[in-house]
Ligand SMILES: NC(=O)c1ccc[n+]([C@@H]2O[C@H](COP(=O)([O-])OP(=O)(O)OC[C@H]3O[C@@H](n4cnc5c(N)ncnc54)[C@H](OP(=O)(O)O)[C@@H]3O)[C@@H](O)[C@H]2O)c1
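Just one chain follows, in the form predicted on its own, and it is written as structure tokens.
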């Protein structure tokens, strides 16, 4: 059975990714406080140790990463750095370290988000982070010719909207995003951004 490293398996989308893929892959879960490995993906040395322990793997999916929602006046410089270190550099760390251990032909799927394309009040740092992830993906794909790398850009999951007390009528069920991650690691393309 192929080995899948799933970073962020307890979030709304990550849960559905695990459900969808666990019959086809040996899923190794990585989270901050639970799972097979507990670490912060911003911690490069912890990631190095984890990948050494896991050894060769066939797919890597990241559905995690923090970024602040809030107006420009509600953001400190540190808030920008926190999001960049977590969601952007955390995913870059996964790729830069993980690729040394990946099996030939392995696939990676990272996460950006709709705010990279749809400016909105309160989305300033997340939009910047998401756009950075997509730019990293396109450029990394040019050089990572022994494996594929793609990004999934979710809009708002229906379940997340419900948890936040929002009107969820425009939300997309999280399982639909999970299907995009499956496509991103199995389709054989590289440098793509999968949007719903």
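What you see is a predicted model; the values in this text were computed from it and never measured. Residue numbers count along the first chain shown, from 1.
As for the form predicted together with this ligand, it is not shown, yet the points below apply to it.
message: Quick one: 98, 148 and 191 and this ligand in the model of the complex, is every residue within 4.5 Å by at least one heavy atom?
response: No: none of 98, 148 and 191 comes within 4.5 Å of this ligand in the model of the complex.
message: Contact with this ligand in the model of the complex for residue 184, defined as at least one heavy atom pair within 4.5 Å: yes or no?
response: Answer no; every heavy atom of residue 184 is more than 4.5 Å from this ligand in the model of the complex.
message: in the model of the complex, is there a heavy atom of this ligand that lies within 4.5 Å of any heavy atom of residue 157, even though the partner is absent here?
response: Yes, contact at 4.5 Å.
- prompt: Hey, in the model of the complex, is residue 125 touching this ligand, heavy atoms inside 4.5 Å?
  reply: Residue 125: no, not in contact with this ligand in the model of the complex.
query: Closest heavy atom of residue 178 to this ligand in the model of the complex, within 4.5 Å or not?
result: Residue-level check for residue 178: no, no contact with this ligand.
The single option of 50, 41, 27, 59 touching this ligand in the model of the complex, heavy atom within 4.5 Å: So the residue touching this ligand in the model of the complex, by this definition, is 41.
One residue of 34, 139, 45, 170 in contact with this ligand, assessed in the model of the complex (non-hydrogen atom, 4.5 angstroms): Contact residue from the list: 34.
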